[in-house]
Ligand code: GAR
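Heads up, the chain below is alone and in the form predicted on its own; it's given as structure tokens.
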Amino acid sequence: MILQPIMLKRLQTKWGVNTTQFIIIMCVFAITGTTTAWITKVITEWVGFTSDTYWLWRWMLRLAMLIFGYQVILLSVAFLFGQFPFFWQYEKKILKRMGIPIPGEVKISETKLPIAKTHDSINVHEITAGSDLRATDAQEPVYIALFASGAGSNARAIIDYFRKRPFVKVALIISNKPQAGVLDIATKENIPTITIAKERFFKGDSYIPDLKSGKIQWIILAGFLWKVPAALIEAFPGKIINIHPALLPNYGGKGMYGHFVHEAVIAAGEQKSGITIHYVDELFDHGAHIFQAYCDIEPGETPEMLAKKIQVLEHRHYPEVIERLITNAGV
């Protein structure tokens, strides 16, 4: 089967690699498949299996090569091509599905966390997906840029969170609105800002030179309403993340932001809503999911009431997920 270009692009975005690395990874898969088939043929002839051999023995040999031989060959070829770290993460996911424990891994499972409220608490349920979120110690400061279009409550939560965690530095705040409240926050925190112009953002250099000169390594969307251009995604592969105030893939897409999302959720009679943190690709709210958390919707709850609960989830989880993504990436 031939993969269509759009499928390849989605794979590249999901894996968070640039075009060159993506091509090398696909070559590793191709070489591994061919090599596994050849070695299986050689072993079959060596042990004397023929078409007359009992089918179960031949099937068991092929299964053993698929389960064990293929994985060893894959890592060996990956090492030769300098892609061992990527494929080791790939292999760890396979081992987890097989129920084989991996030393040093921290598993995050669905749970309920009490979150402080005026009179009671919100039952919060976490769902992890996509990335392996494992906190490690970062050696060097990682510069991040926050993109926001509004008041900046998520930006404020992120800034406050990393104030006592100097290995991550909010080095730049970018907005598409000159009067956005997030710019006032930046001024008070002495954080450099850029107010971007639509023409340059979408048809020019997308402010990539400014980001690179500022040593930005990760881009964090915190209530940014414009779609991210392809050039920016290509310049920061797998390093742009967004938070959406609903449980994607539902209630996402163009025009679904803020109160529009909460109104749609309530109107549909949903019993729960939440947040989705995901990688950014060239479509609205479409990239691979990293983390989700949800809360129950009580009878008679209004969009305004739901918005406050969702904001609690955002402020509680977004900074933590950012930290764990960055430290796990080892940058």
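Just so we're clear, the structure is a prediction, and the values are computed from it rather than from any experiment. When you see a residue number, it is the position in the sequence shown, counting from 1.
Keep in mind that the form predicted in complex with this ligand is not shown, yet the notes after this line are about it.
K.L.:
Answer yes if any heavy atom of Trp218 is within 4.5 Å of a heavy atom of this ligand in the predicted bound form; otherwise answer no.
P.N.:
Contact check for Trp218: no, nothing within 4.5 Å of this ligand in the predicted bound form.
K.L.:
Contact with this ligand in the predicted bound form for Ala145, defined as at least one heavy atom pair within 4.5 Å: yes or no?
P.N.:
So Ala145 does not count as contacting this ligand.
K.L.:
Taking heavy atoms and a 4.5 Å cut-off, does Phe162 contact this ligand in the predicted bound form?
P.N.:
Answer no; every heavy atom of Phe162 is more than 4.5 Å from this ligand in the predicted bound form.
K.L.:
Spell out, yes or no, whether the shortest heavy atom distance between Val72 and this ligand in the predicted bound form is within 4.5 Å.
P.N.:
Answer no; every heavy atom of Val72 is more than 4.5 Å from this ligand in the predicted bound form.
K.L.:
Mind telling me which stretch in 202-210, 72-80, 254-262, 166-174 gets its heavy atoms within 4.5 Å of this ligand in the predicted bound form?
P.N.:
Only one stretch qualifies here: 254-262.
K.L.:
At 4.5 Å, heavy atom to heavy atom, what parts of 179-214 sit next to this ligand in the predicted bound form? List them in sequence order, or say none.
P.N.:
The stretch 179-214, when checked against this ligand in the predicted bound form, contributes no residue at the 4.5 Å heavy-atom cut-off.
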